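So this first bit is one chain, no partners, the form predicted on its own, shown in structure tokens.
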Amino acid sequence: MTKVRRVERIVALTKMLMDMPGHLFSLGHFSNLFSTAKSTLSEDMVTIKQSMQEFGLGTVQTVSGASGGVKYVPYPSEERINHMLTQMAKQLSDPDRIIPGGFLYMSDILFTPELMMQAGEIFRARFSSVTPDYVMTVETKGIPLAFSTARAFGLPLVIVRQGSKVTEGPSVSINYVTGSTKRIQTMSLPRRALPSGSKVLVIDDFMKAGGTAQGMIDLANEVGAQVVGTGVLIATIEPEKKLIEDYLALLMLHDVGQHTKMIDIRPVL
């Protein structure tokens, strides 16, 4: 490989780190790749870390020891988080999103990669104190959000099915009661998807009464996993008492006025 200038090396290193959040790269890997001394690469990492922190993009963590290295951790600044959530709330406040029955159309938001990447990084920052092994969601609309959150953590995603699929092998199923409609439904998880003893972060797109989230928690407990946190993109202000008490919402939906054509949705800052 031809000699690489420092600026070129830093650009390449930044790209590699940010493409794989949470992945631990050894300095030896980069040393071989760029034919550069580890001491020089350590200086590069300091520069990259300082730039990321200055612009509120995250940080580079160093793990010491023989099996150590460096990894990128998405950690947007509170200023960036406030801006992203305020803009998302503004988009969702469009009266044209009101659906008969007092519902809110949000599929376009949920399936916009840029927005879900941002939300996933916010969850990474807000859940920085927990160390899950897996991110869990239920099919289907919550998948892009949960996938982006899993990527931000550098973790695998586990998807709970509404029903069971023969192609996924033996499964564990539970019945749960939806919090809003009080209907009994079934959700299932392949036995091999979530090892016993795993720590799980539950992520979903919307919460009204919390029945679906509680179902996922019960299902995780059923297979011997521990839920260490629950995050939702949007939660409704009513009912105030939900089936789960400990959850984190990025946006709070206060009202959808079918007659007034007003949507009151606010960032949780």
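Everything numeric here is computed off the predicted structure, so don't read it as measured data. For every residue, the number given is its place in the sequence shown, counted from 1.
There is another form of this protein, the form predicted together with another copy of the chain, and it is not shown here; the text below is about that form.
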| item | value |
| --- | --- |
| Residue among Val223, Leu57, Leu41, Val228 with a heavy atom within 4.5 Å of another copy of the chain in the model of the complex | Leu57 |
| One residue of Ile81, Ala125, Leu92, Ile143 in contact with another copy of the chain, assessed in the model of the complex (non-hydrogen atom, 4.5 angstroms) | Ile143 |
| Another copy of the chain contact at Pro113 in the model of the complex, heavy atom, 4.5 Å | yes |
| 4.5 angstroms heavy atom contact with another copy of the chain in the model of the complex for Val130 | no |
| Met88, heavy atom within 4.5 angstroms of another copy of the chain in the model of the complex | no |
| Partner contact for Asp19 in the model of the complex: another copy of the chain, 4.5 angstroms, heavy atom | yes |
| One stretch from 213 to 221, 49 to 57, 239 to 247, 62 to 70 that, in the model of the complex, holds residues within 4.5 Å of another copy of the chain by heavy atom | 49 to 57 |
| Sequence-ordered list of residues in 121 to 160 near another copy of the chain in the model of the complex, where near means a heavy atom within 4.5 Å | Glu121, Glu139, Thr140, Lys141, Ile143, Pro144, Phe147, Ser148, Ala150, Arg151, Leu155, Pro156, Leu157, Ile159 |
